[in-house]
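Next up: a single chain in structure tokens, the form predicted alone.
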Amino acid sequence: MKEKDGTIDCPQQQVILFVEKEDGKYEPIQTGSYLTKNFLDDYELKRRHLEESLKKQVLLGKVSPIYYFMILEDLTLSELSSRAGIRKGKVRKHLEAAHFNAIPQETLQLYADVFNITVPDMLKILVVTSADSTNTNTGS
């Protein structure tokens, strides 16, 4: 890549690229991230839509908060099972809202550790009802 092609105006995220200078030598330059400049807003919009969809599913009792965080963290059933140290069959059961209330506190803590959150934070689902107010509903 030529130096002029590698120069991106994106102060939020800087990267180091090796580019071809006018003399034909490759040298590093600090420049903005092409992906951040051109695609971050699209990613954030899709992420917000995913979060909203998952929140609705939790509030309607279709899935548990465990499922909500598993999807947001982009984990598979096997990965969550392995990281939490819980059998896959039991994790699969815990993804269902109907079985969520019976999960022991110690097991909830294992999941919270995987998601890098506290158990109380795992049990909260925030629903924005207007631009001015926020209601907190529990997933339990």
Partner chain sequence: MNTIPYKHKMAAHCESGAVTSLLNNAGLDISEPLVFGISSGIFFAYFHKMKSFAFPTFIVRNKPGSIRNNLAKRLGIKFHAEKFNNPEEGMKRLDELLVKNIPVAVQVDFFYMDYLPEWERVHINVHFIVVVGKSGSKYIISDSYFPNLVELESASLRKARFAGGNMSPKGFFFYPEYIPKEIDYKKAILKGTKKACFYMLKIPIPFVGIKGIRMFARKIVEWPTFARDTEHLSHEIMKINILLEDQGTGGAGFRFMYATFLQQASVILGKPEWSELSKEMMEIGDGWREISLFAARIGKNRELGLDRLKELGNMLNGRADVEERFFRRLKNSI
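Keep in mind that what you see is a predicted model, and the values were worked out from it rather than measured. Residue numbers count along the first chain shown, from 1.
There is another form of this protein, the form predicted together with its partner chain, and it is not shown here; the text below is about that form.
*Asks:* So which of 103, 91, 75, 97 reaches within 4.5 angstroms of its partner chain in the predicted bound form, heavy atom to heavy atom?
*Replies:* Only one option qualifies, and that one is 75.
*Asks:* According to a 4.5 angstroms non-hydrogen atom cut-off, is residue 71 in contact with its partner chain in the predicted bound form?
*Replies:* Close contact exists here: in the predicted bound form, residue 71 approaches its partner chain to within 4.5 Å, heavy atoms only.
*Asks:* In the predicted bound form, does residue 58 come within 4.5 Å of its partner chain, counting heavy atoms only?
*Replies:* Residue 58 lies outside the contact set for its partner chain.
*Asks:* Is the gap between residue 49 and its partner chain in the predicted bound form 4.5 Å or less for some heavy atom pair?
*Replies:* Yes, residue 49 sits close enough to its partner chain in the predicted bound form that at least one of its heavy atoms falls within 4.5 Å.
*Asks:* With heavy atoms only and a cut-off of 4.5 Å, decide whether residue 119 touches its partner chain in the predicted bound form.
*Replies:* Output for residue 119 is no: heavy atoms all beyond 4.5 Å of its partner chain.
*Asks:* Which residues within 91-118 place at least one heavy atom within 4.5 Å of its partner chain in the predicted bound form?
*Replies:* If the 4.5 Å heavy-atom criterion is applied to its partner chain in the predicted bound form, 91-118 yields 113, 114, 115, 116.
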